[in-house]
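Only one chain comes next, encoded as structure tokens, the form predicted alone.
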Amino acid sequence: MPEVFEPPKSQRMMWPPTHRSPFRLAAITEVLVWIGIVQFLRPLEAAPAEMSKAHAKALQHWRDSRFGLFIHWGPVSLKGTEIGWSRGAQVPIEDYDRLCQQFNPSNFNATAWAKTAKAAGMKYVVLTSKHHDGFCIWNTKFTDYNIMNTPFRRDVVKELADACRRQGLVFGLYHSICDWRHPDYPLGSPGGKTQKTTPNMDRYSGYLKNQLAELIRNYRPLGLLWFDGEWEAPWTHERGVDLDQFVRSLEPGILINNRVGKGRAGMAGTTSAGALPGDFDTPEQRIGNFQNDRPWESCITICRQWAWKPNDRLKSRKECLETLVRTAGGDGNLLLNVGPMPNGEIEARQVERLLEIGRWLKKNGESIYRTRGGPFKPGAWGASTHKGNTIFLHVLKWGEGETIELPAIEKRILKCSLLNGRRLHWKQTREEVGITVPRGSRDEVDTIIVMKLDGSASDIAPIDVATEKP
């Protein structure tokens, strides 16, 4: 494997941006792109059948995992404002770009982060390698605007990748397609509303590819790439197709979200017909609709802001558990986000909330992991999951009675019980199914009923629970 091209120190893109003119920088970047891309465009050799097998296995493992940790973090945590979006808005651009000179998260402990994720019952971790502000949290050779040129001077991606693998967690990276700081990317802060003077999108695409190849090769195995920032006009369908193919040539089994290309339906996150699909859809700050014909993952913050904010409202244990249950019941994954503090620690109250979820999953995880959503679609009453000949009913809302009534199913029920093993009374007719749970046996958040059938639950077509009678 050829060595990664390393530009001389004097030719790297420097920070703050005032240290080097954009015109000289553009010329330097062009040289880096053409030299660097020669190194990185050589794909790994893999037979198509092997690539397909590796990809299918990775996708199935990811779907079985159901629950992951999202981490948005960078120098902006010093201000407590939103990552990327506050550049040029709440924080002047010059001040924002110089935050890296003060960034020294001396309490950062990658092992502690990974152990928290594992204790929370999460199976994978996705870290922001680069957000829309352009700051890189790894030791990149293609810009000096990175973690190694802060007082901290430690490669966060490497440390967390290693820690996650030691804990048996799949490691992935969020990587922004747009870069409001880079001189070659046409749009700038605040929020992509300004125009750069001398942009060069082809050159920027080379920079993007060089950094992605660097991440894939230096921190492998990389489980997934979570793209963002594709909605802006400079990014086209053709560029998305090209980037998708480029990434897969370097890591055949990698998973890529639908934001690699155009076609995402806003915050709903679904991919429109004919668009570059990626591997999964990405509803944002909401639970996706029931969808069992294409994988999806809801990304939702544990507080309100993606990056750390002092005294941000923390979601309750009940909110978090219901979100996880309804997501699994819709046949999706949940990527729950935390924003670490500027000292490198995840806020204690956020850690405690994650541990509460983990304790719940330790008792009830069989109804979430390695399941598929349905056959009863999520509704006000709750949600359902299934695997094999078992349906797990997650009853989140009860009425005044003790019996939940659901539409009929085309399988015979052999047994009904609570997940803890307590037998329940049920009735099954051609019109409906009724299951009785005494009030004293209900859980305050989620009463889980186990239905054993005389055949596979996956054979049952998804059912709308139009009239709920709990």
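Because the structure is predicted, anything quoted here is derived from the model rather than measured. We number the residues from 1 along the sequence you see.
There is also a form predicted in complex with a small molecule; it is not shown, and the following applies to it.
Residue (of 155, 284, 347, 312) lying close to the small molecule in the model of the complex, criterion heavy atoms within 4.5 Å: By the 4.5 Å heavy-atom cutoff, the listed residue in contact is 284.
Answer option from 185, 306, 392, 207, heavy atom within 4.5 Å of the small molecule in the model of the complex: Only one option qualifies, and that one is 306.
Residue 398: touches the small molecule in the model of the complex, heavy atom cutoff 4.5 angstroms: Heavy-atom contact with the small molecule at 4.5 Å: absent for residue 398.
Contact test in the model of the complex: residue 228 vs the small molecule, heavy atoms, 4.5 Å: So residue 228 counts as contacting the small molecule.
Contact test in the model of the complex: residue 160 vs the small molecule, heavy atoms, 4.5 Å: Residue 160: no, not in contact with the small molecule in the model of the complex.
Heavy atom of residue 175 within 4.5 Å of the small molecule in the model of the complex: Result no; residue 175 lies far from the small molecule in the model of the complex.
Stretch in contact in the model of the complex with the small molecule, which is absent here, among 128-136, 382-390, 350-358, 326-334 (heavy atoms within 4.5 Å): Partner-contacting stretch among the options: 128-136.
Output flag, 70, 259 and 267 jointly within 4.5 Å of the small molecule in the model of the complex, heavy atom basis: Every listed residue reaches the small molecule in the model of the complex, so yes.
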